[in-house]
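This document opens with one chain alone, in structure tokens, the form predicted on its own.
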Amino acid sequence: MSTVLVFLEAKSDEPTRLSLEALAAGVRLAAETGSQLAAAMVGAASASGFAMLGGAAQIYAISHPLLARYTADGFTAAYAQLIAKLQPDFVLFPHSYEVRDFVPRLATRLTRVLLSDVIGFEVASGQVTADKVTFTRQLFQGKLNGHYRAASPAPVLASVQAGAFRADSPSATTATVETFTPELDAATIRTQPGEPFRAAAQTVDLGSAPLIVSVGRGIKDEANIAIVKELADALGAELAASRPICDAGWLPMERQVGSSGQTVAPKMYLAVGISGAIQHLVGMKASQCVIAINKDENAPIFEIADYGIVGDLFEVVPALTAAVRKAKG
């Protein structure tokens, strides 16, 4: 039986949201190709995060003192050894900063090509071999879709774009966690990791927010952002923005959504005064429900919105805020 192997990343001993999305992609790929699903993560087998990897028939805790902190050399060597052990047909990763750093090196070591930022795939009817699966990734900031099939033998390596697959509620696993200890030599690790990056206290992870209210240049003036902030507070949502708002310094850059900001996939994304330039859409179009408020009925944002309100945001937003507060009592 063929195998789909998903490598996950952990934060505080639990898989990240991006990793759970990659696992969801692995569950679907394994089901459609009739493969067995295996998951692997660096950490001690006793970590609680391994219990969240439902759907995997095999789970591996990659454990070694030299993997306590991330290094490209250490992770490349460890992952290559587990791949050699399992001989999977497909290897999936979350498309994170770490993956972008070391997986191209891993692909080179395996003489394979990494398909990065995959948003979907299609399995040929009745075929389960690696070269019969077509992967889709976006080009030119989402304006075009490219379709790719592996020309080389298995394994096929692919990273999964944030928000492309749903991972709303991780399920408990029934699989036994097996410890995998790679053979690593400190002399082969050429970099010395520094202290972990500590984000500022006000930093917000929009990627984990279930509700987002985002404001665009239609707000006209920095002082008017308070109107949208009131709506976000009433909804219990995070406040975000398009690039012009952050470039102007009206909101911090950490709240920017788009190709040069954060990629989000909340349950609800409320776009206020955002026209819908492609650079913004690529960062939020994976949202489960998109609501747009814009006075221009031809604004591109309405093309992807599930619900749209054509009107003056200075009239619509306060009325909506009042309605939400009334509904909440």
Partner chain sequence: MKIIVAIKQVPERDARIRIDSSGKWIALDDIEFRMNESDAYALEEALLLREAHGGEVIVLSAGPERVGQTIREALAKGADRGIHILSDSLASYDALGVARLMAAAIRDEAADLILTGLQSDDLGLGQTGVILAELLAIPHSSLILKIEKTDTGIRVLRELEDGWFQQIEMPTPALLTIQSGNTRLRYATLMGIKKAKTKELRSVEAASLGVDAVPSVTLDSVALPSRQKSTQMLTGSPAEAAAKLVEKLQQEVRVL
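Residue numbers count along the first chain shown, from 1. Each form is matched to the other, and the largest set of C-alpha atoms that superpose within 1.5 Å is called the rigid core. These figures come from a predicted structure and were not determined experimentally.
Beyond the structure shown, there is the form predicted in complex with its partner chain, which is absent from this document and is the topic of what follows.
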Exercise. How about A187: is it within 4.5 Å of its partner chain in the predicted complex, going by heavy atoms?
Worked result: no
Exercise. Can any non-hydrogen atom of V310 be found within 4.5 angstroms of its partner chain in the predicted complex?
Worked result: yes
For this session: Flag E230 as yes or no: does it have a non-hydrogen atom within 4.5 angstroms of any non-hydrogen atom of its partner chain in the predicted complex?
Result: no
Problem set entry | Residue contact check: S96 to its partner chain in the predicted complex, 4.5 Å heavy atom | yes
For this session: Report yes if all three of P65, R166 and I225 come within 4.5 Å of its partner chain in the predicted complex by some heavy atom, otherwise no.
Result: no
For this session: Counting only non-hydrogen atoms, choose the one of 56-64, 29-37, 295-303, 42-50 that falls within 4.5 Å of its partner chain in the predicted complex.
Result: 295-303
Seminar exercise, completed: Checking V204, V123, A154, L211 against its partner chain in the predicted complex, the residue with a non-hydrogen atom inside 4.5 angstroms turns out to be L211
Exercise. Q87, T129, T179, T191: which sits within 4.5 Å of its partner chain in the predicted complex by any heavy atom?
Worked result: T191
Exercise. In sequence order, which positions of 232-249 have a non-hydrogen atom within 4.5 Å of its partner chain in the predicted complex?
Worked result: L235, R243, D247, A248, G249
Exercise. Superposing on the rigid core, does the Cα of W250 end up 2 Å or more away between the shown form and the other one?
Worked result: yes
Exercise. Does G55 move its CA by 2 angstroms or more between the shown form and the other one when the core is aligned?
Worked result: no
Exercise. For L211, is the C-alpha shift between the shown form and the other one 2 Å or more after core superposition?
Worked result: yes
For this session: Can you tell whether R17 sits closer to or farther from S260 in the predicted complex than it does here, judged by CA atoms, where the change is 3 Å or more?
Result: closer
Exercise. Given that the CA-CA distance for L211 and R17 shifts by 3 Å or more in the predicted complex, does it become closer or farther?
Worked result: farther
